[in-house]
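Before any questions on binding or motion, here is one chain by itself as structure tokens, the form predicted alone.
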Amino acid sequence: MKLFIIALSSLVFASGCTEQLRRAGIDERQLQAVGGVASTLARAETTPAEEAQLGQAAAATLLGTAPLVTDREMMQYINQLGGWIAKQTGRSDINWRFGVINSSNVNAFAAPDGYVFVTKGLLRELRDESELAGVVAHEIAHVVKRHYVVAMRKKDTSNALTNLAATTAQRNTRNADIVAQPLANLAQNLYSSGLDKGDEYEADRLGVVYAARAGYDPYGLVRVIAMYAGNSSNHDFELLFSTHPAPQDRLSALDKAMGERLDAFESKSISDSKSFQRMKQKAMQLADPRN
């Protein structure tokens, strides 16, 4: 795939292709932006600035579908809970940002550079704070292990790059805006198709560990996955089922990885809080955003 991207970048700047793009209204500045996206995705590693750009594009894609809730208490709550769990990862170099998306779909998402979101639909379905902690810890693990960054590199980027001519043929468009569009297309494709099964299993394992380190019942995430298994016909769970491994496969993998090693944490851990129940009640009452 890396060789494919490099070849595509070379093709964009080949004389014949370049001339066609110029005739379509793409100037030298825009051509350089196309090449910048290709070279960013072709390299083995990204710089912190480039990873931040990937994260911004992915977060914008998620929030373009549904906005964050505007309830200040709810946003403060999710950031405090998420921030505490994130401290258990040992990563002080990530600028963590947490939010609740105003969507009735039951799901949670992460994006490069420390973005973690849960939906209000998920809050409505969860029973206690340890379940929320398990889900948030799972998403934090995706960020820590850079699953989305790696997955973006694996995805076929040809559509995002070749369609750039059609979407950015505006002389006054800034380079940042030009680069954002193909990255947003790539992020949208990724969230629609999901991560590799191995990434999800790894995030499950690490999520249980992070939640336990934070003092939460380590079986919170297990109960959430079991809840997924019981809602296979619920349309609010559709995206989650289409982008994640089968719940039973996840439970089996977790059982094999955990065994009874975390049983000792269960009796000493946090299961629920009044704050969580208050946030759940708010989520139940929160109206969907107007289109």
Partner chain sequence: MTRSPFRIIHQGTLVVALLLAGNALATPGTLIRASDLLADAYTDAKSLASLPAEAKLTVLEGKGGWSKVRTEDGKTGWVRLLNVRMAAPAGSGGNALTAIGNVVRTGTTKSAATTGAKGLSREKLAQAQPNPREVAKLDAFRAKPTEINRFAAARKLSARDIPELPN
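What you see is a predicted model; the values in this text were computed from it and never measured. Positions refer to the first chain, counted from 1.
Note that the form predicted together with its partner chain isn't included here; everything after this is about it.
Visitor: Going by a heavy atom distance of 4.5 Å, is Tyr148 a contact of its partner chain in the model of the complex?
Guide: Answer no; every heavy atom of Tyr148 is more than 4.5 Å from its partner chain in the model of the complex.
Visitor: Residue-level contact is defined here as any heavy atom of the residue lying within 4.5 Å of its partner chain in the model of the complex; does Glu200 satisfy this criterion?
Guide: Close contact is absent here: in the model of the complex, Glu200 is far from its partner chain, nothing within 4.5 Å, heavy atoms only.
Visitor: Using a 4.5 angstroms cut-off on non-hydrogen atoms, would Ala229 count as touching its partner chain in the model of the complex?
Guide: Yes, Ala229 lies within 4.5 Å of its partner chain in the model of the complex.
Visitor: Residue-level question: is Arg124 within 4.5 Å of its partner chain in the model of the complex, judged on heavy atoms?
Guide: Although its partner chain is absent here, Arg124 would touch it in the model of the complex, with heavy atoms inside 4.5 Å.
Visitor: For the stretch 55-87, I need every residue with any heavy atom inside 4.5 Å of its partner chain in the model of the complex, listed N to C.
Guide: The stretch 55-87, when checked against its partner chain in the model of the complex, contributes Gln56, Ala59, Ala60, Thr61, Leu62, Leu63, Gly64, Thr65, Pro67, Leu68, Arg72, Met75, Gln76, Tyr77, Asn79, Gln80, Leu81, Gly83, Trp84, Lys87 at the 4.5 Å heavy-atom cut-off.
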